[in-house]
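This document opens with one chain alone, in structure tokens, the form predicted on its own.
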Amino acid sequence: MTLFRRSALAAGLATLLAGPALAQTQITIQHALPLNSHYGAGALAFQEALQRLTSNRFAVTIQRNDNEREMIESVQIGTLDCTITSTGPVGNFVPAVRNVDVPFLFRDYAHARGVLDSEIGQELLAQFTPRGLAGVIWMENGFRHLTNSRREVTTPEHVRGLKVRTMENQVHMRAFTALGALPTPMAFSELVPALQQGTVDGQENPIPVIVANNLNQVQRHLSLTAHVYSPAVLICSPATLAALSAEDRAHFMAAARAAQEANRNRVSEDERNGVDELRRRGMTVITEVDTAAFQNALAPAFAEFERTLDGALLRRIRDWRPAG
């Protein structure tokens, strides 16, 4: 056999062996937290499930991006396949989502998860389509609590005058204004420098976020206010989904459900263990918070939300109970 023929055969064999790798469909999913977090758990479960169900015809790449608004914009214009994001900035793209950001709307995790998995949650996901986005499935960020570097907070009076970083979310900003705080909206990527430099005194986030990002290093006091439940959502590009066959779309949705389960399980785990971990790291944790006083202080904001948001939907959410 000539050298030329041996070389040609070797090249052909290499091309044949490389074929399946080249045929893989690449899916990129971004989120704003470390891989060792509740978002990371969801993304990894999505990756594992989709690749397994499609026999690795799909390859999922997970990336971190601290700017949630930027990720949503990238999905909307089609330069990013999917993102897991809190609903904080989503209301700027899908106004109906602002309804689920109202403080003290959800009683507990069972209530929040039940509502979002019900027809109410499906109706809200359908609102993404006219905005050039595909709302795939509800995930979770968790109940938000207040941290700050100045004082212990047990009543609304202690919040007055605090400069508090909020998400770029009109509902959250209005609520903190009603409490007498000075809400300062900024992307999550700007938070730690702002806390270090004293640009803001505090911030509010779920326990899993505080733990995963070591916010105890820049905040002294944690008050378990549970003032608002923060949903998350898997949002994908409509073009990405449109390119899937019916079979692959079913696999995609199965992977999304796996992501939801892993994400929520991690939130539950962090809720059980996170407060003790933050105490161990040196934070002062205030567990006795006057929730009724906070709700009373927010009464003007609640009245405004009934007018400016969907009052009927808010009542449906508050009144929801599991079937049977």
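Throughout, we count residues from 1 along the sequence that is shown. These figures come from a predicted structure and were not determined experimentally.
Below, we turn to the form predicted together with a small molecule, even though it does not appear here.
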Exactly one of 82, 167, 175, 90 comes within 4.5 Å of the small molecule in the predicted bound form through a heavy atom, and that residue is 167
Tell me, out of 262, 27, 255, 32, which residue has a non-hydrogen atom within 4.5 angstroms of the small molecule in the predicted bound form.
32
Every residue of 68, 144 and 188 near the small molecule in the predicted bound form, heavy atom within 4.5 Å
yes
Distance check, residue 209 to the small molecule in the predicted bound form, heavy atom within 4.5 Å
yes
Evaluate residue 205 for contact with the small molecule in the predicted bound form, applying a 4.5 angstroms cut-off between non-hydrogen atoms, and reply yes or no.
yes
Determine whether any heavy atom of residue 39 comes within 4.5 Å of a heavy atom of the small molecule in the predicted bound form, and answer yes or no.
yes
Interface segment, criterion being heavy atoms within 4.5 Å of the small molecule in the predicted bound form, picked from 136-144, 112-120, 192-200, 242-250:
136-144
